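Next up: a single chain in structure tokens, the form predicted alone.
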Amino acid sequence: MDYDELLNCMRCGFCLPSCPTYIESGKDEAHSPRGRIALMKAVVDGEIEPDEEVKRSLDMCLGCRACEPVCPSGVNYGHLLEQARDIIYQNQEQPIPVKAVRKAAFQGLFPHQNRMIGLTGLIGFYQRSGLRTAARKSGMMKLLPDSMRLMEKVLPDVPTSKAMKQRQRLFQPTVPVKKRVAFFAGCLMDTVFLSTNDATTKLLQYAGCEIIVPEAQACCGALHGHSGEKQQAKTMAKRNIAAFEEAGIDYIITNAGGCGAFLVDYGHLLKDEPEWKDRAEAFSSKIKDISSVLVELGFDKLPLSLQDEIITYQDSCHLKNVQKTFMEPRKLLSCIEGAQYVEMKDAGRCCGSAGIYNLVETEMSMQILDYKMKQTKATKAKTIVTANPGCLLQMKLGIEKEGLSDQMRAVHIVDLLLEAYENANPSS
């Protein structure tokens, strides 16, 4: 553990009002950033054992890092959380089924894009073949927990394995070249959300970018880093750095807030490895969210239009709190003719998705989502815009829970911007 970072916490409590789990747990100090840091320090000092209670406190954390921008001491809470989880998960004996599942997911699946394509291709087959219709009509879905049943309902239509494998690697702009960029395609984004990735490259072309998509890139490693699999996260980071560093580009573009935040942190992740430290920092310095580069290139000055509707925006926690990107999405959305942008109360508060948190900590996740949907409904918006795949699915899940699927939709910002651009520019 970084003991100096633990000591940076002054116990002032400025973090408490920003922490969703502290609020939703009835202001339980063990479920606050301050309380968790105190537990970490007590373990390091030998005052307590890293028992199940400590593990439970850390597992309950969303990792949204909303505590960091409000901390007067600048405590890097996210780094401490990852270190603590890694130490606990690597040194605590786990049940054999848990170890098997973790190994299958973190070592057998996410590092291998061909396996991701194979698995998600099966989901696509389930959706297209009639199995989904049969499963729903037969009542089999009722055997699943409510959250899983709703999640199955809100999954996007997954493309065929063939479509996922036929990835174009070079794109030319439709206007004179302004920037040469590389696109970080991601693992889930380039399979389950392939259409959103396609929309991203189209927007970049319209904005004047020459785009390359390095074939050797891999999963960003965020799920590994957040789940106590730090060594595997380092392996993924090194693979991505090597894939991009010879590309000769201005920026590396991301369209998923969670991925982008972890990519930005590669310099910290590899700070103790001299042969990788500088390379990691150089890589991280080029990371830029799609909304940020679009504003830089004047995309907000282009014709954009939608039919009259109210739209609102739900911040991606990591895009806002780690990448510090929050005004750019709002600027783009506010420029769409025919759309009225209404700011949501507590738009920066986590929606409860947090990677796989909504699957493993469902009760707390749904409490947080209920609050988010209350604020969403108050805007009277027809469209909720997000900038991260997990947030997108969570908001879709919230819409289904509230029975509002015929009145409201949730979309990724690039899909909405492409819709607005092509609506205003039919010849495109």
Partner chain sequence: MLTKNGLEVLTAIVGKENVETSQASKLVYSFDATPQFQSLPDAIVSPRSASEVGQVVKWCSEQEIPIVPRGSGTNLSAGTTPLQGGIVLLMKHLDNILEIDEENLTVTTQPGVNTLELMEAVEAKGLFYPPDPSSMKISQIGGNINENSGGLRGLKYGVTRDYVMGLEVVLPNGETIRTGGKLAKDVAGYDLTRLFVGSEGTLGIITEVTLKLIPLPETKKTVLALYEDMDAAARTVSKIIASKIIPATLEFLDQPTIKVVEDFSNIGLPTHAKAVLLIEQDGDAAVVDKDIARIVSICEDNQAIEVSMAASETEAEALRSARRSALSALARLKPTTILEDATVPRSEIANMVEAINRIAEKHQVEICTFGHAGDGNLHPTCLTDARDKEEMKRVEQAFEEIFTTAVALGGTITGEHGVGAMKAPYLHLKLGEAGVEAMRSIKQAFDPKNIMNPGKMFANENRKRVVVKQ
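Positions refer to the first chain, counted from 1. None of the values given here were measured: they were computed from a predicted structure.
This next part talks about the form predicted together with the partner chain, which is not shown.
Contact here is defined as any heavy atom lying within 4.5 Å of the partner chain in the predicted bound form, and by that definition each of Leu7, Met10 and Ala38 is a contact residue.
Heavy atoms of Ser73 reach within 4.5 Å of the partner chain in the predicted bound form, making it an interface residue. Within 4.5 Å of any heavy atom of the partner chain in the predicted bound form lies no heavy atom of Leu404. When the partner chain is considered in the predicted bound form, Leu62 lies well away from it, no heavy atom lying within 4.5 Å. Interface membership of Lys380, defined by any non-hydrogen atom within 4.5 Å of the partner chain in the predicted bound form, is ruled out. For the partner chain in the predicted bound form, the listed stretch (384-392, 356-364, 44-52, 369-377) containing residues with heavy atoms inside 4.5 Å is 44-52. In the predicted bound form, not one residue of 372-409 has a heavy atom within 4.5 Å of the partner chain.
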